[in-house]
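In structure tokens, the next block holds one chain alone, the form predicted on its own.
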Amino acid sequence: MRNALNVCVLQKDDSHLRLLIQGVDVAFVNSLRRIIIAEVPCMAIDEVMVIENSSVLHDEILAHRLGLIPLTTDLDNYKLPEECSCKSDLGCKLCRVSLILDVEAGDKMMIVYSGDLKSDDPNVIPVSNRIPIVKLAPRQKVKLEIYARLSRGKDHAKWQPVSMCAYKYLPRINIDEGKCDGCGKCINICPKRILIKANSVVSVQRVLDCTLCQDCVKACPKKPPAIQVKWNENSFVFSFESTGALPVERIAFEAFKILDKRLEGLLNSLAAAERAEEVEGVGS
């Protein structure tokens, strides 16, 4: 019988969340990973109207650089364009944010940064003011009218709320003290330095950092090796890093909500198909 789902927070800060997820299989955690990358919406620059651009960058390159600047996202007050009541390609204040970039260099060269973008909503701004956009020579100018909207990573990578999302099996490292002679070869080869030696005994520290590379097993001179590296097939270390568009806890909440909705839809479809088969059986 499968164990109940259990989620434990291992590490959390402003940009990174590390979870221990137990009682599930690889299909579940991979679905969660794909949803975080491709389905959780965030805000990104989508359209750029070039009023003036005398910089060395072509308009298309400038627009591309702007699109990759992560923006803080307000999911509570904005809607996806396809869900907005305006039903307009131009959008409205419920589904679109306007920004302005109007910068002119004086007598000296200057660098235009993301902090020079002026948003009409203080809740939707670049996550950092120090992202370089373009370098202007003396008396060059850039004047742009910019529009950002919500979308998902499956449409374009600029709408991915994470810069990293990955999982691995929960490692299990067993050392046979009867066979191990404390030679230290496994300690020296471990890339994560999770093995230590104290009083001629090899032990494990920070087991969650193990990458399951098996280098320590291959390095052990004993036959069979005195150290074994295994994993729990129903326990996973799940990590992701936010771009700053959304807090890490909001990304996790939205991902679980979307996954729950998808599973509910699947169950409803299966139930409808089963009812249709029963009706067809009675009719025949």
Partner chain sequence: MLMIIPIRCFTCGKLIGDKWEEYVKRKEAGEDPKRILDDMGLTRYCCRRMLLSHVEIIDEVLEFYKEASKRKIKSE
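Residue numbers count along the first chain shown, from 1. The model shown is predicted, which means the values in this text are computed figures rather than measured ones.
Unshown form predicted in complex with its partner chain; subsequent notes refer to it.
The stretch among 25-33, 254-262, 55-63, 211-219 whose residues place heavy atoms within 4.5 Å of its partner chain in the predicted complex is 55-63. For the candidate set 86, 187, 75, 131, a heavy atom within 4.5 Å of its partner chain in the predicted complex is found for exactly one residue, namely 131. Residue 164 is the only one of 164, 198, 90, 80 with a heavy atom lying within 4.5 Å of its partner chain in the predicted complex.
Taken together, 113, 139 and 241 are fully in contact with its partner chain in the predicted complex: each brings a heavy atom within 4.5 Å.
The closest non-hydrogen atom of residue 96 lies beyond 4.5 Å of its partner chain in the predicted complex. Its partner chain is not drawn, but in the predicted complex it has a heavy atom within 4.5 Å of residue 158. In the predicted complex, its partner chain sits within 4.5 Å of a heavy atom belonging to residue 69. Looking at residue 135, you'd find a heavy atom of it within 4.5 angstroms of its partner chain in the predicted complex.
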